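We give structure tokens for two forms of one protein chain below, kept apart as structure 1 and structure 2.
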Structure 1
Amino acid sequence: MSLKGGMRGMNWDEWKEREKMYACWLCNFPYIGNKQLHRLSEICGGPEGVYLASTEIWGGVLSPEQVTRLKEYTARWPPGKSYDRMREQGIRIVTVKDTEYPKRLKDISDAPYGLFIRGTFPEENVPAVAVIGARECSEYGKYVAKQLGAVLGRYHITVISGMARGIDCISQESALEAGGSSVGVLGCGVDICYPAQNRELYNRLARTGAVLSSYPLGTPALPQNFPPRNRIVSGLADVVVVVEARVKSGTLITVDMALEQGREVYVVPGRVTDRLSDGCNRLLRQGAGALLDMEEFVEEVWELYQRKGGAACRGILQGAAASDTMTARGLHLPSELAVVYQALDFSPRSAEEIREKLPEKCREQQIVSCLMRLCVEKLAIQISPGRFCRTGEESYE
């Protein structure tokens, strides 16, 4: 059956559905590169065309080995079967040719041919910010990621991230918490929750945001999958924020890709003694933007977005700002607690270190009980038997 014949016999929606079925078949084939996908589809005029094309045409793009594998694969998973299986799991496929395909991603070189999406992709007429950083992050990183996610969520800026442990998942969680939307880009099949402990976030994203991946369903999370995944993370965003990164890290790969794609890069500065902030501070030196104030940053993101020709819908902004002032409440702590609270930091400090910082000497019993009181008030957390951090729930002046 030729492509035209197919079109004549059915309406637009049905044809679209057929195309998707074949796209699903094609994109689920694991032994094919992204460039090859693009070329094959171009030559044959769409995924259905690829399916109907002769092996010679396949051979024009693919190696003989790939052709045999594709044949075997097709025999095992006829298009209808794999498509039905996918739909049962609530997963959609979007190809470059589709209108739902994220616009920002279309512009990047090496845009993934097909994306598997679970959930609904958020509105594209708002800015999107990728928040990335170390998996093994410090309390400081956790705090910034949490604040940043919340502010972005409040101002309806989409948070893009990789759903990994640490910075990724914290920023995404707090964005959803604040009522924002978020997109998780996976380095494995979209039907797999990796890392498994983020199951809750995964489910939430599937409900209120989107989880997407360019990898065939069932692909395990292999290390080599992550750098290509990172290009999607930065590609989906207007601005990339690095919260914490060591000098050698996957986060910096994402930054390189973001720069290639022409995305703005912002960095959260850290202390020069923190190894976890080395990567960030280096980027600063190389000219990355510094994220110093969350609200200011949000302003800048909006400006940038509008300059790029984004639709102005800043009406939301005013409302958000108003609700923001409502949440920040002043703290009235007894003086001894206030002193101890001020000695706390986002990096873990031991009770002994805190005592050193106090203006007057006091016994360890007193320090300890003040610290525990702060924990009860949720102003501090005991992250290990002897060390405490600020939680940063409130801004205390």
Structure 2
Amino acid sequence: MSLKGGMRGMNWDEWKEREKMYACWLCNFPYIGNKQLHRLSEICGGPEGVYLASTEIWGGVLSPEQVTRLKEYTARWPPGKSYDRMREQGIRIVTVKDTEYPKRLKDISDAPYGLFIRGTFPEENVPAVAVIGARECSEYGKYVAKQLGAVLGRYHITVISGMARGIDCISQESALEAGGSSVGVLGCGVDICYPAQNRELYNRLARTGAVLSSYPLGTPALPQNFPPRNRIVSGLADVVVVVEARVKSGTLITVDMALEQGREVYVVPGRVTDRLSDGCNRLLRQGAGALLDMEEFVEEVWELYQRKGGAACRGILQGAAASDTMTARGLHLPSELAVVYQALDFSPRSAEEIREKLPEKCREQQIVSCLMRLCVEKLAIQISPGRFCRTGEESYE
């Protein structure tokens, strides 16, 4: 890729690719902080501007030692060849100015300037839940993580985690097995699988989800890398769930970060005699939400997501059986949606009032989820919090 010519003779896509090349050069420089990356890019008008800037301009943001290191680094780093090598590994880079940069992460304080990504980031118009917990988890913790990951995957809620041993990888594997999506956030370069024993999960995420990191390629998994990594994990999620954690646990650092970012925190309660649940039980005492039922939790996540301005619950019941359907202008409703629709009229009613109008055999199903899906299909409308009625826009046979 030529380094000459600027915007002249290039279309928008070519210019954006050129900017990514220089972003790769800038973000692979290891001796620079995130705030400095933001500031340099802002002053110079983007990564290419930083590359072409004088050492005097660099010195307005960097220390003399950093300027010297950046000058030496630039002299031996060919942006075009290095960028091509990265792309050949299936790795791409996005910066905070790119439209494909995760929206949730962009909204946090001091968002990472650049992300190296292997795979395809899942669609963002669905909720995302970070599942975190102990590496050396109990059999109970393993069971809960597996069940939770599977439920989230089934309802197309993206699972965010750190791909670590224990709770992290179990929840991510289960989500993928259930047909869902997941994102692994690493505390090392995205070209490194850490821990090595999770190579199969790493490869699968790269194929069907995404693995990402804010660290330069080749960065080893150092202890100091993980608190910033955890900040990205919570930043990518709407809700953080702690499955198991001791009182003195790195997991609780992630919880603090999540609360600073305005994320909801849920915990899985444990026995008072179980040290692996001490951290969770303490969080409960401090006001965290209790995850007591998987299906109810899914409803709460969707409702929270919608209240925060997200899309309505599109796809929440995609895994439901489609038999015994009802037809409307060529559309088909699963039987559980059809029976809830039949119970609606043009007077706003609460979910419990609607439940009472259902046949006895149908009263155990997730009414709120069905109502949200009917709202998506524009067959129902939420008049006020918790009260629904028909829209009158559709005529069913």
Partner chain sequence: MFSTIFSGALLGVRAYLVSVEVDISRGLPAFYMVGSLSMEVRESRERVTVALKNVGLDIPPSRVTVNLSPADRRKEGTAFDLPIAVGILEASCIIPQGSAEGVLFLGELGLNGELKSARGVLPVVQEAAASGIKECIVPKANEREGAVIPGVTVRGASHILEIIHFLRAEKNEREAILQAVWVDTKQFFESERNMNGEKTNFCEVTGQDMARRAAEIAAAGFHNLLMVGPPGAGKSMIAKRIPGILPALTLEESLEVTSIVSVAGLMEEGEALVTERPFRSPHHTISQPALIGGNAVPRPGMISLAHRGVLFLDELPEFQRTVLDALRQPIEDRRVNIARAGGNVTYPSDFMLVCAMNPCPCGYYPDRNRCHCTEAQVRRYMGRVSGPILDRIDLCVELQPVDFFSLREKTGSESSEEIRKRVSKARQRQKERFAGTNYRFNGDIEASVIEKYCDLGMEEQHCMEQLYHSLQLSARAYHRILRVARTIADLEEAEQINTEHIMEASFYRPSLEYWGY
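Since the model is a prediction, treat every value here as computed from it, not as a measurement. By rigid core we mean the largest C-alpha set that fits within 1.5 Å across both forms. Counting starts at 1 and follows the sequence of structure 1.
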Structure that is the form predicted on its own (1 or 2): 2
Given a superposition on the rigid core, I'd like a yes or no on whether residue 371 shifts its C-alpha by 2 Å or more between structure 1 and structure 2. yes
Core-superposed comparison between structure 1 and structure 2, residue 380 Cα displacement 2 Å or beyond: yes
For residue 340, tell me the Cα shift between structure 1 and structure 2 once the rigid core is superposed, in Å to one decimal. 40.8
